[in-house]
Structures are given as structure tokens and as C-alpha cells.
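Below sits a lone chain in C-alpha cells, taken as the form predicted alone.
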Amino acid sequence: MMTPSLKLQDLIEEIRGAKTQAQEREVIHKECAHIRASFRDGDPLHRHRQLAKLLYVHMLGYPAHFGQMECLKLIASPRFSDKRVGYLGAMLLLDERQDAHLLITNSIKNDLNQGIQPVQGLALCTLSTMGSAEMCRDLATEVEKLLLQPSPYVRKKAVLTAVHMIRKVPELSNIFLPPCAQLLHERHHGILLGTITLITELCERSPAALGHFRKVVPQLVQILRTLVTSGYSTEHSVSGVSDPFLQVQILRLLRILGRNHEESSETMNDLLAQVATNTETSRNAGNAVLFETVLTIMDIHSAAGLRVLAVNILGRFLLNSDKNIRYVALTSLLRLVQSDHSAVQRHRPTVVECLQEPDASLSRRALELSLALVNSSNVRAMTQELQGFLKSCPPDLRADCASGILLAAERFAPTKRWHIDTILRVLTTAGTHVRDDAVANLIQLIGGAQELHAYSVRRLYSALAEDISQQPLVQVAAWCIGEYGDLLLEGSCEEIEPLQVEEEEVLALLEKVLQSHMSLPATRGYAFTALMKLSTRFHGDNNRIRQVVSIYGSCLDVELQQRAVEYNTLFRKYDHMRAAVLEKMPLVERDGPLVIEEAEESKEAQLSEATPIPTEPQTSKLLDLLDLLDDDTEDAQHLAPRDPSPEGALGHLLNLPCHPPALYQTLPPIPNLQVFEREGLQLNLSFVRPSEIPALLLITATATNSSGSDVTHFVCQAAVPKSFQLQLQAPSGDTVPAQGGLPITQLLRILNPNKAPLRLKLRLTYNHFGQSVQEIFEVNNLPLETWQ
């Protein structure tokens, strides 16, 4: 004999009294069996009680799908007690993914037309919770009629339902435009708040609605002014602020209406100044209103004084004891630093103090803002502060801090010596965390400053003698010792304390680097080449260097072994050429930080002539992967390989300094083309057509970033019609630094044997401002000179 069904209260007590999960499942399974039996019997009097118990079981996470049809029966019932539970069950058990939800559309329509306020409220709540696009289209007219009902209770729920409908079906905007103008005259704050939210949704989704509601800006300004100047109200005031929820929503709407519209912006300027100066800041409600005011001021055509006031409000937020408010202030100031740099600069001391915050998110934001505030006038002071922070900052911030200091020093260095000293301090403090291009940049900087060669090599030698664990520092030091080792022995530098160094000490230090377990393979390569170059810089006996070279001829590291064999051959067979082969690197007088890398790229480009462009099957694989272009396949030809000269091969093997001759004689210059710009990230294309191979087009894609945040994980992929041949070379990096830092370059080689009009499709993927971005676009406006 089955036990009788429990009441809802008894079921709750029994479930809570279960000592194990098995006991709980047993109680629920028994009661679900009773509920199923009751549904099968069709007991109309107790159906709502059984469904109420089933809803409780559903909220505990147990399956309750068998109650969906019972919800429909209760909604269709004329009794209010049944409708109440039925609508609640529909909101919990039904959604757009189930076809059963469409069966209640007619019942909702009937209830909306009944005129009974509690029933209308239930129907509106259900529609705004789980109404699908089809239901919204069918019931939009009924909801529009209820917006002007005399009952505030029904009007408020109808407004919220209209918001849901607009989000689901934006094309319903025209239905709700006329009632909104009348609802703005409401004195009921709940209805007014819902109306402002509805207008905001309409303006965000419909340009026509945006133009329509710009006419009501004076009315919105008056509503907000009344809220600001009204006294304390027990019904609406929160912490001494009159209805902050309504104020915030009005400010958001004003921000949308004033954006890119000067007339609307002028109308609200005085009001925004009044809100900014009269709002209480001792409680969180007032801070919320002030923050929305700041966002509105910054997003519209506001006066310069008003923008300074907004920045000062954010500066006060930095002094708040609440971490969340300080984080919001730092984030907002970072957004404003580009447009209002001088105003944000006034709060630089406070921002620098935030670097010492124990909270990791705050210190990261403070670091980003501090780096954005560096300019030519404060670079010395800010760099000193950042270097102090670099010594004590958490490990996860060291890479960002070190890279930021190096970029700032590169852009705003007052002198080359200061620039070199700054990079050396960063490499000494956090050498393992710097960017990959830091070594090449410092080598280029030192190579181009002839007057600082002696100073630099002595500083680097001293730093290397103290610590050989920082690999980038060791690499630069080894390079400088190899190039300017003779200056190290002369002792002619007057800018630092006298340093007496013997040849044996220098060689012993480089051998120590070679033998250290901390040295990377690349570092050993730098030290090994430096030893070889010292054979021409030092005037003593080279037997020690010869012994080291011969020893590493059997090294397990293939790269190091290859160098040793080549250097040993240079000693034995070409000793008469050794001084010329190992001469000093020529001075680099070009502007730009990537000269060393460009020299390497030019060598690689010279050798790449011997590599044929991939044939059609490889190109087809790339096109199939991107699925960007689907032109007809045509027979493809590839470039005939060139034989590299012996001198070029020897220079490449020894990694020797050289100025390779121009790779090609080019046709007349082709104008550059900007093909992409978004949030400060730009992609420009430059073109070269060699006169020797007119069918070949060399495109250099250059990515620059003028925003306040680095662009990371940058990948550029390209596709061309199958009548062309495309070869993508490796990019110079995958991070585009903020504030106009070092650009990323990538070479595209396109063979166009038929001289057909060129179409190029690009896909960019990157991370910016913490968001992953993917852009696919076609470039079909290339200059005629690229293909004719």
C-alpha cells in the first residue's frame, strides 16, 4: 500500500531531515511517483499543490520535465490559485528550446485582455521571462495597449515586458515609440525607470529611434535636475541620494543621445556639472552616480573644463578606501589618458602610489596607467619610479613592467647614454622577463653610439662579472666584449671609475659563460663568437682561444659544434682572412629600433632566393584552410632559384656583419595603402616590384598600435585567388606595443604571371583590451601599379 502524498511543507521538512543523499533521493523519488499518479488521475483540485511540490524538487536539481503540460493546464484554468502556480511553473520549466512554450501564447493573450490586474501581472512576468521571438511578435500589440493602462502596477510590468521584446525582436521598435513619449511624464519612479530603460534599448538598436528621442533631451535633463535638487524622500532616497538607480539610468541614456551630437551635448553640459558638484560622495550610491556622470562627460561633446572636472573626480576615487572604486578609477583614467593627457598627468603621484597596492589587479592597472603617462618631460622621474617597482613587483607583472620601461626609454630617451643605462638596469634587475627584441635593440643602440663604445663595454663587463644568470644581459655583454674588447683593455674611459682588466680575465669570464649550466644555447653562441672575435682584438697569444675552439668541435650542441668547426677552419686554412672576416660591425646611422633585425631579415631574404615559392598544392592547402577565396584553379609557376654566392654563404654561416647589396632593382615606387584601423591598431601595406621579375610583388605589412594597451597574439593570414602564388614569411613578432611602440612587419611574396587584377583577403586575429578579436576583410583597391 502506497504511503499518502505529503504536503509541500511536510515534503520540505522531510527532505531537509534526510541525513544522507541516498535518503534524500528516496524521499524525492517516492513523492515524484505520487505526483505522477495524481497527474494521471487528473485531479483538478490538487493539481496546483502537486505542481508546487514538483517545482521545489526542480529547484533542488532533480528532473521535473513531466510537469510541463500540467503548467499549461493550470494557466488555462479560470482560478487564480491555479494560474499563479501554472505561470510560475512555466517560467521555471519552459524555455525557447522546447516547443511546448508556444502552446501558452493563446492563454497569455486571453489573460492580458481580461482586465484583471493580478492575472495581467502574472502573464506579463511570464512573457518577459521566457517569451521567444515568435511569442513577442504575436503579443506585441497587447503589450503596447497595456503601456497606457491606468493601473501603475500593470504599466510598470508592461514596460519591462516591452524591454524584453525589443531585445528579442529589435524590429518591433516602431510599435513602442509613441507610448514612450507619454510615459516620460510619469511621476511613478518605477514606471519612469522602466521607460528610461526601454528608450535606452530602442536607441541602441535603432538609428531612427535615436534621432526621435534626441528631441526629448531637455525633458530628460529636467527630470534629472529635479532628482538632484529634490530633498530627502523616504520612498526613493538611498544613503542620502535621491533615487540613484533612476539617476544612473538617465545618465546612461543621455550618454547615448549626446554621443556625436553637439546640440544635445550642449543641452546637458550644465546639468552634468551640477550633478558632479552636488552629489554626495561619502556613500557608494553617490559614487555610482558620479562614475556614470564621468562616463557621460567623456563620451559626449563636453566643454574642456567639464572634462577636467571629470578627471579630478576620478582622481578623488583613487584616494577612496574601497578597492573596487580605485580599480574603476584606474581603468577609467587609462581610457582617458589619450584624449586628456594633461589633466590625467596631475594625478601622476597618486597613480604611482597605487603601484604598491597588494591587490594584483590594482597594481596591474596602476602599472598600465603609469606607463601611459610617461612622456618626454617626466621620463627620468617616471622611469626611476618604475625601476623601483620592478625590483619588488610580483613575478607575473615583471615582464609587463620591464617591457614598458624599455618601450618608454626608446620613445623618450633624452640622451643615448641615459637610454643605455636604463636598459642595462632593466636587464640587470629582470633580464629573464624582457621582450625577445630587447637584446637586438640594445646592440643596435650601442653600435650606433660610437662615443659610448668604451663606456658601454666597461659597464657591461662589470655587470657580467657580478652576475651571469640574466641571459639577455649576458648576450649583450658578450657581443660588446667581442666587438670592443680592445677598448676594454685601454682604460681610456673617463666617465666611470678606472677599471684595470687583463686579457686572461676577459677570456676566463667568457669561458665561464660557456661552461655555466645557466647559459642558454643562444648565449653560448654569443660567447663563443665573442671569443673568436677577441682573437683579432687582443694582441697576445691566441693559443687559449684556439684550444677552446678545438674543444667545442665535438660539442653535443650542433649549432655550437658547427661554429667551432667553421672557426677552426678559419684558423687553419684562412688565417690570412681572419682579421678581415672578424672586423668590427659597421656603424648604423639609420633611424629606427629594428636595424639589427632588419639586417638579419635582409640576409635571410638574400638566401631565400634559393628557395622556390611553394607550388600549387601547398597554396591550395592554405586557401582551403582559410576558405577565403574560391576562384578557378589555374596552372601556377614558381620562381627559378638563384645560386647564392660563396661569400654570402660564409657570411650567413659565421653570422658576420655585412651590408648586402640591393636584392633587386625595383620599378617606380608604388604608394602605400592603409587597409585596416580599429581602436588604435593600424595595418599598412607597402609594395615593391623588382624590375628583374615584373610578375613578382613584394608586400610588407606593417602593424602599428597607438592605443593605450598592447595588442598581443597578433596573427596576420592572407589568401589570394588560385591563379596567383603566395608565400607568407614569418612576422617580426606577435605583440604590437602600445603608444606607437615597435611595429610588427611581415613580408608577402606574390607571383602574378598573368598580370591579373590582384585581390587580397586578410584575416587578423589578436587580443586587445582583454578581448579576443578576429577580422576578415578583402582588399580590392590595390594600386594599379601592383599588377599592371
Partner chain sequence: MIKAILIFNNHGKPRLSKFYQPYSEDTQQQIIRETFHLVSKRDENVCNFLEGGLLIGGSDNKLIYRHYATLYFVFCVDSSESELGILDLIQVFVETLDKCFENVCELDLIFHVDKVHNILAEMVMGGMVLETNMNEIVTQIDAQNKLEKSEAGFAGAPARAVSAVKNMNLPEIPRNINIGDISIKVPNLPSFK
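Residue numbers count along the first chain shown, from 1. Since we're looking at a predicted model, the values are computed, not measured.
Here the subject shifts to the form predicted in complex with the partner chain, a form of this protein not shown in this document.
Residues within 4.5 angstroms of the partner chain in the model of the complex, judged by any non-hydrogen atom, belong to 121-129 and to none of the other stretches in 121-129, 269-277, 567-575, 438-446. This chain appears without its partner; in the model of the complex, the one residue of 190, 525, 680, 179 with a heavy atom within 4.5 Å of the partner chain is 190. Screening 389, 552, 245, 412 for any heavy atom within 4.5 Å of the partner chain in the model of the complex leaves a single hit, 245.
In the model of the complex, residue 365 approaches the partner chain with a heavy atom inside 4.5 Å. Among heavy atoms of residue 59, some come within 4.5 Å of the partner chain in the model of the complex.
Although the partner is absent here, residue 80 sits close enough that one of its heavy atoms falls within 4.5 Å of the partner chain in the model of the complex.
For the chain shown alone, residue 419 is not a contact residue for the partner chain in the model of the complex, no non-hydrogen atom being within 4.5 angstroms. Contact residues in stretch 276-303 (any heavy atom within 4.5 Å of the partner chain, taken in the model of the complex) are 284, 285, 287, 288, 291, 292.
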